[in-house]
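Next up: just one chain, as structure tokens, the form predicted on its own.
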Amino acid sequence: MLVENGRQGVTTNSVAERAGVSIGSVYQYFPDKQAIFATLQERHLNQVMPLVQHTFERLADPAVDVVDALLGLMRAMSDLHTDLPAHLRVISDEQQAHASPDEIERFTDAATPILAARFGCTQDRARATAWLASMSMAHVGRALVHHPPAVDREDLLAAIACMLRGLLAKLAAST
């Protein structure tokens, strides 16, 4: 219904009608339409966060190439959003069109010690690289969902790999 009618076109009455239940049944689980949207967002995050967690686990493994781990996340996110692109775009729009500063900060905080350990440098030195990688991955990932480019995905991932390898080479050279 969000895809068809937009946020303003969704009402608890229309949700009840579409679901084939009484309005009272909807209100038994959701006090208002905002709660329905919040549940959809939570469900989406429950799909995305295991992918992110798996990536951080891979990044911590010295046997795994850092860029390969990050590209794996981009590929997995792209696959997830390809399955139901219009639905996930709407849900993502509900969350935010851009990565929030808090989101970037959380990813930066998680990536900094991993990069410092992987490249043998201080966390202060790794933080700028972690921030730039987090910002780039978040924004490119959202762009892939909201405005998929008219380029081959593998060509795009190869370009992202070059960008990340250049960024990480700078970090490795600083040690």
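For every residue, the number given is its place in the sequence shown, counted from 1. The term rigid core refers to the most C-alpha atoms you can superpose between the two forms while keeping them within 1.5 Å. Note that this is a predicted model, so its numbers are computed, not measured.
Omitted from view is the form predicted together with the DNA, to which the following refers.
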Interface residue in the model of the complex among Tyr27, Phe119, Trp131, Phe56, criterion: non-hydrogen atom within 4.5 angstroms of the DNA: Tyr27
Option from 29-37, 123-131, 46-54, 65-73 whose residues, in the model of the complex, bring a heavy atom within 4.5 Å of the DNA: 29-37
Contact label in the model of the complex: Ile23 to the DNA, heavy atom within 4.5 Å: yes
In the model of the complex, Leu156 touching the DNA (heavy atom, 4.5 Å): no
Contact flag, Ile160 vs the DNA in the model of the complex, heavy atom cut 4.5 Å: no
Leu167 within 4.5 Å of the DNA in the model of the complex, heavy atoms: no
Rigid-core frame, C-alpha of Ile160, shift of 2 angstroms or more between the shown form and the other one: no
